[in-house]
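Next up is one chain by itself, shown in structure tokens, the form predicted on its own.
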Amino acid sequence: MPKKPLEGLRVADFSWYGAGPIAGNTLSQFGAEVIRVESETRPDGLRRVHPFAMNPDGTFKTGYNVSGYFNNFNTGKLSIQLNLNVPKGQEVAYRLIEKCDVFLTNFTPRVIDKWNLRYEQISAVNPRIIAAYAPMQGLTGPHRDFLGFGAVLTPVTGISHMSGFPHRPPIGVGTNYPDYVINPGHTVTAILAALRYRNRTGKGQLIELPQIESVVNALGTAVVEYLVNGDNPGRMGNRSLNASPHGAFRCADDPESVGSVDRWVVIACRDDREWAAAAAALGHPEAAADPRFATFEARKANEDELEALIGSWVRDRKAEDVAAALQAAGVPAGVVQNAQDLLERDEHMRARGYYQYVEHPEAGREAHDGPAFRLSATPGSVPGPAPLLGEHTMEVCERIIGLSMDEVADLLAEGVLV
């Protein structure tokens, strides 16, 4: 097994929910020792939400350690319970930070102030620390203490305004999208950049990553359009300014699809050549020469008719067959896949072995997301199961912080390690 690129790096992970822990998860997958600082007084909310592991009798398991949501994003980490609301808990936190390379949090500045974990405080303990703060709206500004999650960021960053159909209210994107990709991706990139700077200079630094500023990067050309043309791009459903047809078309039902039998294929034709290829692949080459659809401008002018026509072509066909025929013809197309498809039925995902299985002591065998990228010489991997709440409190206190058994016993008795 080759050495992972971040082996030797130690991370004090004071984050919770999605954006922070997912950034820590990437660091863990590539070799970092990541220590989740938690408290049973107010556990990470993801430990308390579905999906939960199931018992053999079909009932759900209960407790803080069986959430697939939490377990997927905290693989291979250590967990210490620590009460940061008391001075002795904060003293232990400083001693931990002193032994770490990276400090990570996504709590609001109000909470950081309360716990005395501001950069000037922790850098006084460890000047080499790379401290990544990722609150929703930043460390300063009138909204610095606003609360929210990905479902709040999606509308306040403008994504919801452009999601949905013109005659319907704005909608979400079906998941807390910013939490999983944009924020943690930027956080990891910033940490790696700060590590490179420290390797050259010996100096740590503060990373401020306001999630709102990270996520507005996903708006595409919306802000530019407003700046240049005065247009405020709105909801277009599945349509595009740059492609026609561009939509999702219902195909034959699949009775083996769990939860919902409806199946859909998406098709996008960016020019006349792709449209002609699509029409031929779907058995109707004459449609390419139809004056209503022969040019991009004609197709946009007759888009309702165009979509109805394509819908009639594919409604009795398997979505997978339609997508395969279009891809073979050089037309961008794909099946609207669900979780069952991704985990069990997508031959490409299965062949590449993206999902990795680990045995968790309470949840049992679980599928986890694998690393989002592959390094040829130093690949990452799922390092092990997520920690039980407080599973490594003793180990972290003794091996990493350097506390004696008597000191640990006193802190337990005083309610500091809870």
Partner chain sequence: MPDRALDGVRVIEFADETAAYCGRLLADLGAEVIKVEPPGGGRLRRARPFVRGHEGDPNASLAFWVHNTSKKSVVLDLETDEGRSLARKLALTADIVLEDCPVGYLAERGLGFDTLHAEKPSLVYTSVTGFGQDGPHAHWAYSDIVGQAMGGIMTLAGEPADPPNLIYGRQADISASIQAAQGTLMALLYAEATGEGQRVDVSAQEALSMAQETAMQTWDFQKRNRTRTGELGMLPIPLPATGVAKCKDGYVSLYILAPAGKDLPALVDWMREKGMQGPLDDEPYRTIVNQLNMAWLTQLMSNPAAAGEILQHLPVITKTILEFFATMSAREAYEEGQRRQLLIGIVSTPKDIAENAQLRARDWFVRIESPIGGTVEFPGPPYRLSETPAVISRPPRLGEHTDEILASLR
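Everything numeric here is computed off the predicted structure, so don't read it as measured data. Positions refer to the first chain, counted from 1.
This protein has a second form, the form predicted in complex with the partner chain, left out of what is shown; the following refers to that one.
Exercise. Tell me which of 89 to 97, 134 to 142, 310 to 318, 287 to 295 has residues with heavy atoms within 4.5 angstroms of the partner chain in the predicted bound form?
Worked result: Within 4.5 Å of the partner lies stretch 134 to 142.
Problem set entry | the partner chain contact in the predicted bound form: residue 126, any heavy atom under 4.5 Å | Contact with the partner chain, no.
Exercise. Does residue 52 reach the partner chain in the predicted bound form if we count a contact as any heavy atom within 4.5 Å?
Worked result: Yes.
For this session: Using a 4.5 Å heavy atom cut-off, state whether residue 114 contacts the partner chain in the predicted bound form.
Result: Looking in the predicted bound form, residue contacts with the partner chain do not include residue 114, since no heavy atom lies within 4.5 Å.
Problem set entry | residue 383: touches the partner chain in the predicted bound form, heavy atom cutoff 4.5 angstroms | Close contact is absent here: in the predicted bound form, residue 383 is far from the partner chain, nothing within 4.5 Å, heavy atoms only.
For this session: Taking 4.5 Å between heavy atoms as the contact cutoff, choose which of 84, 276, 222, 252 touches the partner chain in the predicted bound form.
Result: Of 84, 276, 222, 252, the residue with a heavy atom within 4.5 Å of the partner chain in the predicted bound form is 222.
For this session: Could you run down 358 to 394 and flag each residue that has a heavy atom within 4.5 Å of the partner chain in the predicted bound form?
Result: Sequence-ordered list: 363, 365, 366, 367, 368, 369, 372, 373, 374, 375, 376, 377, 378.
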